Ligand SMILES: C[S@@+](CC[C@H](N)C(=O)[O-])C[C@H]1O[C@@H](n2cnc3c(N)ncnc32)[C@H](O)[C@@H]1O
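Before any questions on binding or motion, here is one chain by itself as C-alpha cells, the form predicted alone.
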C-alpha cells in the first residue's frame, strides 16, 4: 500500500456526491474529471460506477498522489492523470459523455472559469452531462453567513478567486450549448449542479 494524500472534505462529501452521480451518470460510459486533486473521489466513484471509464486530470504537482490512489485501488476503469490546466488545455472534441469537477470554480479566476466551461462544452458529446460541485451564490446572494466568510477568506488569499454566482455559470454554459437541468443541495452549504450539452 502506497502512502496517498487524504483530504478530510473528500471523506465527508463523497457519499452524497456518489448518490447523485449514480443517478445522473447512469447512461454515461466515459468521464473526464477536471482537477482530481488527491485522487480520492476518482477511485471511490470509479469503484462504485464500474461501467464508467474515469479519466483523472490535474496539474503536475498532484499527479503523484492521484497515481498512488489509483495503484492502491487496483481498478481498471480509472485512468492515470493527464496534465490539464484549464487556462491552456485542449481536449478532443466530443471525447466524453460526462465531465465532473469538485471544488474548483471558486479557487480559480473567473477568466479561468470561463475557459473551463468552454473546455467542458468542447469535450462533451451531445446530451452529455456536466456535474459541478462546490459553493455557489444564487441571485447574487450567499446561502449562509459561513459561505460569505469563506468568500472573503478566498479573496484575501487571491483577489481573483471567490464563490461564483450560479447564474453567471448558466450564461457560460448556454454559450457552450449547455443547459442547467438540476441543482442538488449538498453538505457544508455546497451544491452539485447538473448541466446537459444540447448541441
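Keep in mind the model is a prediction, meaning the values are calculated, not measured. Numbering follows the first chain given and starts at 1.
Omitted here: the form predicted in complex with the named molecule. The next part is about that form.
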Spell out, yes or no, whether the shortest heavy atom distance between residue 53 and the named molecule in the predicted bound form is within 4.5 Å.
no
I'd like to check something about residue 162: if you look in the predicted bound form, is any of its heavy atoms closer than or equal to 4.5 Å to a heavy atom of the named molecule?
no
Non-hydrogen atom contact residue 147 with the named molecule in the predicted bound form at 4.5 angstroms:
no
Taking any heavy atom pair closer than or equal to 4.5 Å as contact, tell me whether residue 62 reaches the named molecule in the predicted bound form.
yes
Can you work out which of 84, 79, 91, 121 has a heavy atom no more than 4.5 Å from the named molecule in the predicted bound form?
84
Here the chain appears without its partner; judged in the predicted bound form, the stretch of 124-132, 69-77, 104-112, 91-99 with heavy atoms within 4.5 Å of the named molecule is 104-112
